[in-house]
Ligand SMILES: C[S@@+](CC[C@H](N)C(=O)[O-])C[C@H]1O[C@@H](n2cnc3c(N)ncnc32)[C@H](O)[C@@H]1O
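Just one chain follows, in the form predicted on its own, and it is written as structure tokens.
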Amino acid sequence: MTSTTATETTVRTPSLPDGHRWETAGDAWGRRAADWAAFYEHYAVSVLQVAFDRLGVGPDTRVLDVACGSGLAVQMAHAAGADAAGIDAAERLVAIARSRTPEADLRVGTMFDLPWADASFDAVTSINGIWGGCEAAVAEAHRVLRPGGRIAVSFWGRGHLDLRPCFKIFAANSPEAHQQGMRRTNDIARPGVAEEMLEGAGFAVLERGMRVSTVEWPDPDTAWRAISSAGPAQPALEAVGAEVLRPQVMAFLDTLVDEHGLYRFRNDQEFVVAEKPA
């Protein structure tokens, strides 16, 4: 989709990722929505704090969170006084987000066709929601931002990743088509890829940085429920079942237990901040 305002540069909308069906992604991420909301989503707090700082999120700011999940970013933006909105493909996750922040404008849909008018927002966030091959989503974020508005996108980096062994197990037990999709989405972590995506949509890149994502679980059952709630786990669970996957995943997660019995899950989370030229 392209902007129709006379003062803006027309940006060509890239084609969607091959074989993309947002409803399929929404079904995967929504299957264990309560576990995701309770045990995993708070991994994003550190990067959300820096994103809100860079975007100037506060009273009277209009903020959209793309791929909002169960609404952590929306909840934090509303608490900061912002007028918050969000969209996600997973209906069950959006239902939780609505119950958390009933004042927010929360919708089920695709980030490749945002149901808001041009220049509707001052800021856009997407916390591990926009990946490689999602240029069309970046173009849509550009469209709904006002001139001078900013975007912050985050993604897993290329440094320390406790999730890497877990996701490799999920990939190895998933259909080949899903493995190909994971490889494509992870391309965004390569140096310069996120910047190229943003600049291609008409943004001016301002900053690239990194925060350490830390999430802790008190026991093995909670750790398993958390990690297996992620969307990429669902094709493997459907293909081979938890009885095959859980022992493999827990063999690694058990190495992360500290002296207090906590499963401490740490991952490098990179982010890029960009601005829509005024």
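Bear in mind the structure is a predicted one, so any value in this text is a computation, not a measurement. Note that residue numbering follows the sequence shown and begins at 1.
Missing here is the form predicted in complex with the ligand; even so, the following discussion is about that form.
Would you check, heavy atoms only and a 4.5 Å threshold, whether Gly26 touches the ligand in the predicted bound form? Contact check for Gly26: yes, within 4.5 Å of the ligand in the predicted bound form.
Even though the partner isn't displayed, in the predicted bound form is Leu93 close enough to the ligand, meaning a heavy atom within 4.5 Å? Result yes; Leu93 sits at the interface with the ligand in the predicted bound form.
Answer with yes or no whether Thr101 is in contact with the ligand in the predicted bound form, where contact means some heavy atom within 4.5 Å. Heavy-atom contact with the ligand at 4.5 Å: absent for Thr101.
Quick one: does Tyr43 come within 4.5 Å of the ligand in the predicted bound form, counting heavy atoms only? Within the cut-off, so yes.
Contacting member of Ala67, Val63, Ala236, Ile227, with respect to the ligand in the predicted bound form [4.5 Å, heavy atom]: Of Ala67, Val63, Ala236, Ile227, the residue with a heavy atom within 4.5 Å of the ligand in the predicted bound form is Ala67.
Contact residue in the predicted bound form, from Gln75, Asn173, Asn128, Ser120 (heavy atom within 4.5 Å of the ligand): Selected option: Asn128.
Would you mind picking out the stretch of 186-194, 139-147, 120-128, 75-83 that comes within 4.5 angstroms of the ligand in the predicted bound form, counting non-hydrogen atoms? Flagged stretch: 120-128.
Is any part of 96-123 within 4.5 angstroms of the ligand in the predicted bound form by a non-hydrogen atom, and which residues would that be? Heavy-atom contacts within 4.5 Å come from Gly109, Thr110, Met111, Phe112.
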